[in-house]
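Let's start with one chain on its own, the form predicted alone, as structure tokens.
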Amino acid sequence: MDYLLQPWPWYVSGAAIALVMTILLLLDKNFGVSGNLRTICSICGAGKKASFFQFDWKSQKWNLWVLVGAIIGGYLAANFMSDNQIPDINPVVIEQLQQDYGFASAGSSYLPAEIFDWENARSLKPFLILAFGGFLVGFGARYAGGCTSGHAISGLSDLQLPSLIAVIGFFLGGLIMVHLLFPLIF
């Protein structure tokens, strides 16, 4: 049981991902979380309003189960298989986050409470940051034809050139966010 509670080494997790992706490729399936939104909208009848949602959603039922499993697994891992470990962040980074950006929770919580605390959802600035960020993630995933998991895990394992371009774009976008936009926002 101790092995399950510890972070797994990359060679175990990587091999498990490679095994799953090999099975999906053999079954002619593509993994992706963001595609489930289209499936859910189609199930709810969005196909009556937009042709984008008119497709055989039943062929994607297995991907919905992956999503359900990820939610249940995440909940179980966070609440029953973890002692709520705080990420091991370099003390220099903690000090910089606290002094330069006002993140007093840096190094003492899993997520920055200044953004992800429900109390802050009532404040305008954190609410706008979360809402606009969520919109950009959704728009970006749709515009790119998939999210990071779909392109980086499924697309790259299938040697898809568009996925390689998308992953490069994700990394560039992350670098621009951290180094250029983040200091402007906070």
Partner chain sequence: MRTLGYIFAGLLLGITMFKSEAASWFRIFEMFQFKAFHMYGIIGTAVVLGVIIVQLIKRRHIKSVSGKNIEFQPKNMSIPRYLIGGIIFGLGWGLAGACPGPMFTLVGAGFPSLIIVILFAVIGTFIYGLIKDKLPH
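Residue numbers count along the first chain shown, from 1. Nothing here was measured: the structure is a model prediction, and the numbers come from that model. Take the two forms, superpose them, and find the largest set of C-alpha atoms that agree within 1.5 Å; that set is the rigid core.
Below, we refer to the form predicted together with the partner chain, which is not included among the displayed structures.
- In the predicted complex, Phe53 approaches the partner chain with a heavy atom inside 4.5 Å.
- Residue contact with the partner chain in the predicted complex: Lys58 places no heavy atom within 4.5 Å of it.
- Taking the partner from elsewhere, Ile43 is found to have every heavy atom lying beyond 4.5 Å of the partner chain in the predicted complex.
- By the criterion of a heavy atom within 4.5 Å, Gln85 is counted among the residues contacting the partner chain in the predicted complex.
- Contacts of stretch 123-157 with the partner chain in the predicted complex, defined by any heavy atom lying within 4.5 Å, are made by Phe127, Ile129, Leu130, Ala131, Phe132, Gly133, Gly134, Phe135, Leu136, Val137, Gly138, Phe139, Gly140, Ala141, Arg142, Tyr143, Ala144, Gly145, Cys147, Thr148, Gly150, His151, Ala152, Ile153, Gly155, Leu156, Ser157, listed in sequence order.
- With the core held fixed, the Cα of Ala16 is displaced between the shown form and the other one by 2 Å or more.
- Annotation: Cα of Arg142 displaced by less than 2 Å between the shown form and the other one, core superposition.
- If you fit the rigid core between the shown form and the other one, you'll see the Cα of Ser34 move by less than 2 angstroms.
- Relative to this form, the distance between the C-alpha atoms of Ser109 and Pro7 is reduced by at least 3 angstroms in the predicted complex.
- Note: Ile165-Asp28 Cα separation is 3 Å or more longer in the predicted complex than here.
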